[in-house]
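In C-alpha coordinates, one chain follows: the form predicted alone.
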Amino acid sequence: MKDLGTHVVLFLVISAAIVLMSAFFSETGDRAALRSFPKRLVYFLGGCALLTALMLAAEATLAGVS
(Lines give C-alpha, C1' and ligand atoms only; values in the text may rest on other atoms or scores of the structure.)
Protein backbone atom coordinates (compact mmCIF):
# COMPACT_ATOMS: atom_id res chain seq x y z
CA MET A 1 0.00 0.00 0.00
CA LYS A 2 1.44 3.24 -1.11
CA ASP A 3 1.17 6.25 1.21
CA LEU A 4 -0.69 4.38 3.97
CA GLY A 5 -0.04 7.14 6.51
CA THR A 6 -1.52 9.79 4.25
CA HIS A 7 -4.63 7.69 3.63
CA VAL A 8 -5.12 7.03 7.35
CA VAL A 9 -4.83 10.73 8.18
CA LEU A 10 -7.27 11.66 5.42
CA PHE A 11 -9.69 8.97 6.62
CA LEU A 12 -9.51 10.33 10.19
CA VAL A 13 -10.12 13.91 9.02
CA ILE A 14 -13.13 12.92 6.91
CA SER A 15 -14.46 10.68 9.71
CA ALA A 16 -14.17 13.52 12.21
CA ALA A 17 -16.09 15.83 9.86
CA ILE A 18 -18.86 13.27 9.34
CA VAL A 19 -19.21 12.56 13.05
CA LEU A 20 -19.06 16.24 14.01
CA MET A 21 -21.83 17.13 11.56
CA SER A 22 -24.00 14.26 12.75
CA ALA A 23 -23.44 15.31 16.38
CA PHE A 24 -24.52 18.88 15.67
CA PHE A 25 -27.61 17.76 13.76
CA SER A 26 -28.73 15.25 16.40
CA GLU A 27 -28.09 17.20 19.62
CA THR A 28 -30.15 20.22 20.67
CA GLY A 29 -27.25 22.29 21.99
CA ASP A 30 -23.74 22.95 20.80
CA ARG A 31 -22.15 22.03 24.13
CA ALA A 32 -23.97 18.71 24.20
CA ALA A 33 -22.84 18.02 20.64
CA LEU A 34 -19.22 18.78 21.46
CA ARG A 35 -19.39 16.62 24.59
CA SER A 36 -20.78 13.67 22.61
CA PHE A 37 -18.23 14.00 19.80
CA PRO A 38 -15.39 11.82 21.24
CA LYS A 39 -17.74 8.95 22.09
CA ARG A 40 -19.42 9.15 18.70
CA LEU A 41 -16.04 9.20 16.94
CA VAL A 42 -14.89 6.10 18.82
CA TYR A 43 -18.10 4.26 17.90
CA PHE A 44 -17.79 5.32 14.26
CA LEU A 45 -14.15 4.25 13.99
CA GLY A 46 -14.93 1.00 15.82
CA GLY A 47 -17.73 0.28 13.37
CA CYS A 48 -15.43 0.99 10.44
CA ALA A 49 -12.78 -1.31 11.93
CA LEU A 50 -15.36 -4.08 12.43
CA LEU A 51 -16.61 -3.70 8.87
CA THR A 52 -13.03 -3.83 7.58
CA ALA A 53 -12.32 -6.98 9.59
CA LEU A 54 -15.46 -8.66 8.24
CA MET A 55 -14.59 -7.72 4.68
CA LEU A 56 -11.05 -9.05 5.05
CA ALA A 57 -12.37 -12.28 6.60
CA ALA A 58 -14.84 -12.68 3.73
CA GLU A 59 -12.08 -12.06 1.23
CA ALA A 60 -9.80 -14.59 2.85
CA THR A 61 -12.46 -17.29 3.02
CA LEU A 62 -14.66 -16.74 -0.03
CA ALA A 63 -12.41 -15.09 -2.57
CA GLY A 64 -9.56 -17.51 -1.90
CA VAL A 65 -11.55 -20.51 -3.16
CA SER A 66 -10.33 -21.70 -6.53
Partner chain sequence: MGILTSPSAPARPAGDPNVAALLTWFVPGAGHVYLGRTTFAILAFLVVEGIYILGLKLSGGMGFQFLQEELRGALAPALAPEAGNLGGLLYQMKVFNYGGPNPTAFPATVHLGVMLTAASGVLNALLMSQAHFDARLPRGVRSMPGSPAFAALLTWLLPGAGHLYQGRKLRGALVFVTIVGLVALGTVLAEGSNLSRERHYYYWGGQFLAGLPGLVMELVHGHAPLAKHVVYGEAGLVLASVGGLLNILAMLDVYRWGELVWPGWVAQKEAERESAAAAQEAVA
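Residue numbers count along the first chain shown, from 1. What you see is a predicted model; the values in this text were computed from it and never measured.
There is another form of this protein, the form predicted in complex with the partner chain, and it is not shown here; the text below is about that form.
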query: Listed residue that, although the partner chain is not shown, lies within 4.5 Å of it in the predicted complex (heavy atoms), from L50, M21, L56, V42; finding: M21
query: Residue contact check: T6 to the partner chain in the predicted complex, 4.5 Å heavy atom; finding: yes
query: Distance check, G29 to the partner chain in the predicted complex, heavy atom within 4.5 Å; finding: yes
